[in-house]
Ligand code: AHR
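Consider the single chain below, provided in structure tokens and representing the form predicted alone.
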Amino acid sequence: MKLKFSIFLIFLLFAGISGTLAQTKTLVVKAASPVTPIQPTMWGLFFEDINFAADGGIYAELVKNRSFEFYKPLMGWKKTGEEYVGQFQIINSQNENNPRFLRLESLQGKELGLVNEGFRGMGVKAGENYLFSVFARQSEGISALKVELLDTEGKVIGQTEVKNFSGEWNKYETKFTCSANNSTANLRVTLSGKGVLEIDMVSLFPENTFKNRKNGLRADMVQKLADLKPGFLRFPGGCIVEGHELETRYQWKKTVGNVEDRQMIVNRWNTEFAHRNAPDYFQSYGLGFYEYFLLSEDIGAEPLPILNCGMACQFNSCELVPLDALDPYIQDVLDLIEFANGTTTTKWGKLRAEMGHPEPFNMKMVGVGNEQWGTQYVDRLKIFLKVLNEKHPEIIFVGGSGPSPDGKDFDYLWPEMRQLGVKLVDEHYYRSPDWFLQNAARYDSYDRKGPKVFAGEYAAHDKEEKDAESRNTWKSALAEAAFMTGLERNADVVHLASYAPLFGNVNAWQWRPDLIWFDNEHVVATPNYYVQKIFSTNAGTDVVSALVDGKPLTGQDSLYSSAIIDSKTSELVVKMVNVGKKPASLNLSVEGRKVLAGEIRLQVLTNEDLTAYNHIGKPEIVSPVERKIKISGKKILFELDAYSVTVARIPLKK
């Protein structure tokens, strides 16, 4: 009998231990005690012209090599017509920025023309209008230029013509409607009559662009950006700013003014990677600094341009500007501030007004250098900041901490940035999903009185498969979500954050993963995009304490969390991430504010397969769903799916 009783006691003891181990954790949120405000710029966008993100991507121009300026002048073009019926001559003019044009000479009056292949074809839609334009000058005889849109099989699916050419260079414009959908259409232009016609800037745009700006940006791609409600837009990129060498660096002054006068340049990603060469990758600069500022304004984001600091890419040529020759580079920054913020009586403010925007863009931040490191960078930054801080103390100038989140370069640069009084330091991390999970508490111990952090480029790099989109796995996105709770929890240190790169063309990419994938017809949001959206559209105004057993959730039992107050809506917003393979329960205890009883909606992002990814054809394999739960009182129980991100917006009494 005593033995049975002892066994019974042992059973109760183990049952108690088991029950203790299985107890649901309680997340205690002090809703009445804000810890720190969240910057309105917290979650933003990083744009770089990589992966055909500009020409062939967000810039809606359909014609490749429209001004015959590629190093092979007819790259992208194919001659049409019988042999010996005419001549094609590339002529160099005295125009320094746009020197080449094409002379077409029809000797017999028979068909003579060109077909443009577009950027891996042209994506066109039935019922949509398309705007054709060309700069032309007639020497003799040509009665018209026939313009035709051809589908994949060569069938005409849209046409118009241009007439009444003069003997002087003029711009001619016309419009036509497309009759069929096609993702790999071509444009054919053909002479009618015998004679000579010289042409340049052969262009085709959809009439339907974002906000209907003429010859503007691709609407579906920009809408994906607008849907994120970004706090800032960093442009024109990272390495694109530096150039392979200084001659190919990004020079903003060459990207403003009339589009036809902007000087095209080779894209530095053209031959950067031997396994992903793109010999037809150039920058037309139709998307230039003026358009970047407009884009920022259109999507409600603060503009954050990055300018060269007198250093080419250190991974490439390491070319440097001597310290005593930095004045033109510093002047570029001063002139950019004038272009963005100056009155219309100034040189660059006047140009902005002439381009269509007399009001200033109210730029508040400028980055000096991208991903530089070493004493060379610090020596140059000192000279920049001495001038810039004196002339424009109202502008925040952003410095860098190198290409890695740790190591000797990082350790050297941070104290230097602090000593220079840099207000924002740009940190970059492209690491494995495990790194992101292990670094959710990265900023818990950062100096609260030092420079603030701009998490300017980050992405979890997972394993890849054949599909272009395959590296954007749910595993990578889930790890980023866990890490981002740490960014948000430390909003007193981290003022800006942006995933990178932003866009990738599935048929013409150089780098992956990317936040958004596209082709000529489709735009696909990745799981990583939806994680960014969950955070950026639930940004709130103030961080509040959210602790389990006196500590933030940074991976205990595979859970991560952050909590914020949205004072505009009087809501508590709790983000909960479960990276475990089993569901988890989490009690929420709200202190200091009364929770309004009723039904609340949850945004949930989950998938049981960590290798899952969204791709063209199946764009919503991992996408958010809404759920509803009823709440009453200050304690709320959340059942978190395995491998999930959950956001709850809880109404509070004002």
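As the structure is a computational prediction, the values presented were derived from the model and not from experiment. Each residue number is its position in the shown sequence, starting from 1.
What comes next is about the form predicted together with ligand AHR, which is not displayed.
Although the partner is absent here, residue 430 lies within 4.5 Å of ligand AHR in the predicted bound form, judged by heavy atoms.
Residue contact with ligand AHR in the predicted bound form: residue 371 places a heavy atom within 4.5 Å of it. Of the heavy atoms in residue 239, some are within 4.5 Å of ligand AHR in the predicted bound form. In the predicted bound form, ligand AHR sits beyond 4.5 Å of every heavy atom of residue 53.
Contact with ligand AHR in the predicted bound form, judged by any heavy atom within 4.5 Å, is made by just one of 329, 503, 101, 269: 269. Contact with ligand AHR in the predicted bound form, judged by any heavy atom within 4.5 Å, is made by just one of 457, 151, 488, 480: 457. Across the options 595 to 603, 42 to 50, 620 to 628, 55 to 63, residues that bring heavy atoms within 4.5 Å of ligand AHR in the predicted bound form belong to 42 to 50.
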